[in-house]
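Read the single chain below, which is given as structure tokens and is the form predicted on its own.
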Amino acid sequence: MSVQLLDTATSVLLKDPTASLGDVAKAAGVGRTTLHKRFPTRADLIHALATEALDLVGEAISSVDLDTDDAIEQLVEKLVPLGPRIEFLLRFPNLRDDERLSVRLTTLDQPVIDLISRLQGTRLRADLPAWWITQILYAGVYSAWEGIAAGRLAPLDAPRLVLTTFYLGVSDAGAADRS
């Protein structure tokens, strides 16, 4: 019930960021009392959702061998299915008010930024900041998830679309021509 409840709560809050615990309980098919026992306040639920999202994204990043040639491809394949979780982290900016979550949000990207930095000048452009390229990569993952959720993009096509767009946008090829 825990994972399903958190999945439902994520979905409800993404559709309506002002949804109450009662709204979440109804959507999850559980009683309000049951939900309140687990999450006494809405803030407790949001903290739990953010913690789970950070755990899932962190696990995805750490499951990729960032020293391989196809690390970005592996990363995109792991992150696309986590679109709702990433969206939750992006759409609730007040998560940074929680010091524990803020530290995790800040450090979560560092291995990916380090990967991007290592690839700059070879596979990726060196004239853009690594953090920017990382954000562009995440934006592609987020956009893919939105396309999947809207029924415009097949889940199996999403990684290819993200990677094609990413590499053509930040590829080192042709950088001198654009100068």
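Quick note: we count residues from 1 along the sequence shown, nothing fancier. Since the structure is predicted, the reported quantities are computational estimates derived from the model, not experimental observations.
Absent from the display: the form predicted in complex with the DNA. The rest refers to it.
Only one of 27-35, 48-56, 146-154, 132-140 places residue heavy atoms within 4.5 angstroms of the DNA in the model of the complex, namely 27-35. Mapping the unseen interface onto this chain, S20 counts among the residues with a heavy atom inside 4.5 Å of the DNA in the model of the complex. Within 4.5 Å of any heavy atom of the DNA in the model of the complex lies no heavy atom of G121. At the 4.5 Å threshold, heavy atoms of R42 reach the DNA in the model of the complex.
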